[in-house]
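Given next are two forms of a protein chain, the same chain in both, each as structure tokens and marked structure 1 or structure 2.
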Structure 1
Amino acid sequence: MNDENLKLKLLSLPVKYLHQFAKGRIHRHFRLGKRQLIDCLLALSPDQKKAIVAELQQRAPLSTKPEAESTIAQHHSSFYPQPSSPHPDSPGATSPSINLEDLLEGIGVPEHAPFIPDAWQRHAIEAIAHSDVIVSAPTGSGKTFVATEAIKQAIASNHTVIYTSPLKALSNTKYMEFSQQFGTDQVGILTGDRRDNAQAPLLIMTTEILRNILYDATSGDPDLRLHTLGLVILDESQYLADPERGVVWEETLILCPPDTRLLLLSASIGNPQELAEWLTSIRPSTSCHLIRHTKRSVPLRGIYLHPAGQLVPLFENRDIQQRKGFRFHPETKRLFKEYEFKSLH
């Protein structure tokens, strides 16, 4: 790297990093401004400059690529911590502040179209045939579809399916839903004191009940049709982290027979990978397949509604995007400040 290049590169860095390079090399470097600092750095001996170049490359592995040298801006953004701001290539960034008309356009009901499963859904359905699957996807993105297809597959191959949910209310909803879909004789529901159609191939229950069944199965009084149990679906498996009841999910997963497939449906969580690694480690017969879907099938937009009745965009971007930082719309900021000011006086 020649001096000219190095100078360019140093110029593109925040002065904070220049001070780091200068530490121990330039006397009283903290007194110097950026330009003076660069001059001093360039005036160092060739050996020292070589060390600086090495440090630079260590900091940004990209610079080893030839084209990176010319596109310093890209290099910069790829490595150094970014302020939380819209991503350069996110759609909203081109027009820094959108207006309300843009925000509200496109409201409407789509034409009734035949349902076409998304790639991740197909992927999950294929995977469940031969391995355990964890699906981590946002609410309303179609996890139930995966469950339904998996149930169909399992019933077709004469296996019993157990579907658990954390709440009785959810169990009831699912019971009605599945009864409509598969026929009343195909679906059974188990509660603490009631067993409706317990010989059905699809059983719905809360996770606690399944845990109890598994405990009793290990102690040798098999009930129901557990010998044909082929698939266990745990809905809302993020309940694993519930302070009071989470332990039940763990017990269930630990005690689940090794040749039964597991399908865990979970809302978006931070560490599905860790969960998958864990399941793989405790169920060595198959590896656990993680399907992680973070994109919403219907885009979501943010609106700020001022108590006086104005509607303004909440963010500078139109669609809410995950994991890209956020910036409130200036109008939102202004109105909210006004609101807060009023609450103080």
Structure 2
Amino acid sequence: MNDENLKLKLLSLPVKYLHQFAKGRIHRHFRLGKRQLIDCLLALSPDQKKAIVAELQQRAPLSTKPEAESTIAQHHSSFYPQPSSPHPDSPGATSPSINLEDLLEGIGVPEHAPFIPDAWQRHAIEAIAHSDVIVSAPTGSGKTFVATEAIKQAIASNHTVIYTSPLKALSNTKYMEFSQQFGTDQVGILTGDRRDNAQAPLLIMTTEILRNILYDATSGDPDLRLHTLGLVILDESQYLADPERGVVWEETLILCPPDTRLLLLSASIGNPQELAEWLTSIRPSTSCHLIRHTKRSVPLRGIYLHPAGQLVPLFENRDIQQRKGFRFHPETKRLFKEYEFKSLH
């Protein structure tokens, strides 16, 4: 099959098949549009193009004779219907889908209501008084409330608290947030380029700074603040699994004084039970309590903004649920096809 016939055949296929052909052959193929994909596929070596033809023949036997333009156009339109035509896979006739008004329902400032902690938050606050605690809960569910109450308990007992985060920007944000809540004289910050109120009872720092403090203590140069350290909070503790920086979190947990309570916060730890068991094994004098909450307080919703400015629901269901299947909204599917169809003409 010559390049012209191969090009015509590739034009007749949905873009998802082109990405399958490009996988392992074209770098970052997922960023390319249909025409760019076809151009890159045609620029491959003769052996690679022969392999693609063989894959095409496995999907459906092909004729090596030149195909008429009208046949290609008919075959192409079956995959890319005109905008006025409903998509053949659209479930609209049998399965009702949400509209944009349904999707936007509830967005805005909520009505004022007294704050009542959830049962899992109360459980975590009670547990941190006598054990290490891992809180695994979705974003926006209230992990910071647990941290704040734990800080209050520790400071009331005349203990120093260290709050770590993986990013300087997040550390600065927490510094401003806690300064407003506890008072500027009670909060300090230590990062690579900032050092304010370093003897405060509540210190905000990056995890690397804490690891270095613990390193110095093991080498015979202990920091006086470690003598009163009662609580260490590690925010975004899923960084333990990071290939490059995870060792910092691991060493910090190993080197923390055994009588210091640990509070690990994360929305995306994949194996919190294993982590709790590991913490108990390296800190045998202190048990580790796992608090796992899976219900999202702030729902996730998907919206598709078409290049022409049209806003439609991305999925048929309003809320995105973790590990649940989904189907594209019929109008979104139609817009996808319309955009793809126009890019070829």
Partner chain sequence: MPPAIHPIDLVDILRRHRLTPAIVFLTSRRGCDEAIDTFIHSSAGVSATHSEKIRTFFEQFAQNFPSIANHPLISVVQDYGVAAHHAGHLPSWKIAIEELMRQGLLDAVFATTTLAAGVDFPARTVVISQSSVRKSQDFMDLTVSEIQQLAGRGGRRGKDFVGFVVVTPSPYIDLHVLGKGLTGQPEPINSQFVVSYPMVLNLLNAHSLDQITGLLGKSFAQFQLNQRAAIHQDRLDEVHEQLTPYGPRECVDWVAQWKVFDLARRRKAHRRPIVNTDSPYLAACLPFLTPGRLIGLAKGPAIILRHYRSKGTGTPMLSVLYAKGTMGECQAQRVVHIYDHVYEFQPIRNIPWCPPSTLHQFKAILSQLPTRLPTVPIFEATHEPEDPLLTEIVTDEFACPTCPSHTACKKDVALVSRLQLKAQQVTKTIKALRDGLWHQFQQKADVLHKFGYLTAHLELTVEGEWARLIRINHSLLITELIRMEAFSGMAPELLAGVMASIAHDDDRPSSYMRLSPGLASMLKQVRHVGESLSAYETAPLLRSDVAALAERWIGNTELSWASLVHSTSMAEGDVYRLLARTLEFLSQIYGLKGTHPGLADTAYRAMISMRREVLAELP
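As the structure is a computational prediction, the values presented were derived from the model and not from experiment. When a residue number appears, read it as a position in the sequence of structure 1, where counting begins at 1. In this text, the rigid core denotes the largest set of C-alpha atoms whose superposition between the two forms falls within 1.5 Å.
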Mapping for form predicted in complex with the partner chain resolves to structure 1
Shift of residue 36 between structures 1 and 2 at or above 2 Å (CA, core fit)
yes
Answer yes if the CA of residue 282 moves 2 Å or more between structures 1 and 2 after aligning the rigid core, and no otherwise.
no
Is there a C-alpha shift of 2 Å or more at residue 48 between structures 1 and 2 once the rigid core is superposed?
yes
Let me know the CA shift of residue 331 between structures 1 and 2 in Å, rounded to one decimal, core fitted.
7.3
By how many angstrom does residue 26 shift at its CA between structures 1 and 2 when the core is held fixed?
53.4
